[in-house]
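As structure tokens, one chain now follows by itself in the form predicted on its own.
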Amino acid sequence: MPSKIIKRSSKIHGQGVFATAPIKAGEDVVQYKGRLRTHAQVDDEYGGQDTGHTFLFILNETYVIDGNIGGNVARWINHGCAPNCKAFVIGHESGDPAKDKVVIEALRDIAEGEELTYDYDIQIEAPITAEERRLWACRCGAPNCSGTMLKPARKSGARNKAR
């Protein structure tokens, strides 16, 4: 994937990722990278740190990508309620969950200078509290902005994509 993106200051959440050239709908923009860790490892290190800021991406039932360690520019892509990108988990053909990857793809054409966003799809089982809404506030500015990155968990057995 040739790089058409750069990290710089964002009014959404401090830092963000912006297009340095036009990006076409359906184009792979960047792979989300970082250290591959188990859910238990990240829970041991970060558990209980409810800060509203994370570089953890749930890869599958076994692994999480920790963008805090060895992460790339993709970790700076902000959440948006009307996103122009989507994160896809791509399972490895071998079936080895340690070889799965996450790719950020453009949902629509993105103009040079436009900030990239995707829906973090952070689902939680318990009712969302006022404190959690404050910690996980969304500042995307979209007309349909929910004001939070959090969503009630779907009942269909779907799992979180971001952590």
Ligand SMILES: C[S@@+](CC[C@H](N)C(=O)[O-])C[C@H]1O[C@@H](n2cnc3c(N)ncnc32)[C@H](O)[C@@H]1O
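None of these values were measured; they are calculated from a predicted model. Quick note: we count residues from 1 along the sequence shown, nothing fancier.
Here the subject shifts to the form predicted in complex with the named molecule, a form of this protein not shown in this document.
Student: Is it true that 35, 39 and 63, all three, sit within 4.5 Å of the named molecule in the predicted bound form, judged by heavy atoms?
Tutor: Answer is no for this spot.
Student: Which of 92 to 100, 22 to 30, 105 to 113, 129 to 137 has heavy atoms within 4.5 Å of the named molecule in the predicted bound form?
Tutor: Selected range: 129 to 137.
Student: Answer for residue 153 alone: is it within 4.5 Å of the named molecule in the predicted bound form, judged on heavy atom distances?
Tutor: No, residue 153 is distant from the partner.
Student: Looking at the partner-bound form in the predicted bound form, is residue 85 within 4.5 Å of the named molecule by any heavy atom?
Tutor: Residue 85 lies outside the contact set for the named molecule.
Student: Give a yes or no for residue 46: in the predicted bound form, does one of its heavy atoms lie within 4.5 Å of a heavy atom belonging to the named molecule?
Tutor: Residue 46: no contact with the named molecule in the predicted bound form.
Student: Is there a heavy atom of residue 146 lying 4.5 Å or less from a heavy atom of the named molecule in the predicted bound form?
Tutor: Outside the cut-off, so no.
Student: Which of the residues spanning 67 to 89 lie within 4.5 Å of the named molecule in the predicted bound form, based on heavy atoms?
Tutor: Counting only heavy atoms within 4.5 Å of the named molecule in the predicted bound form, the contacting residues of 67 to 89 are 75, 76, 77, 78, 79.
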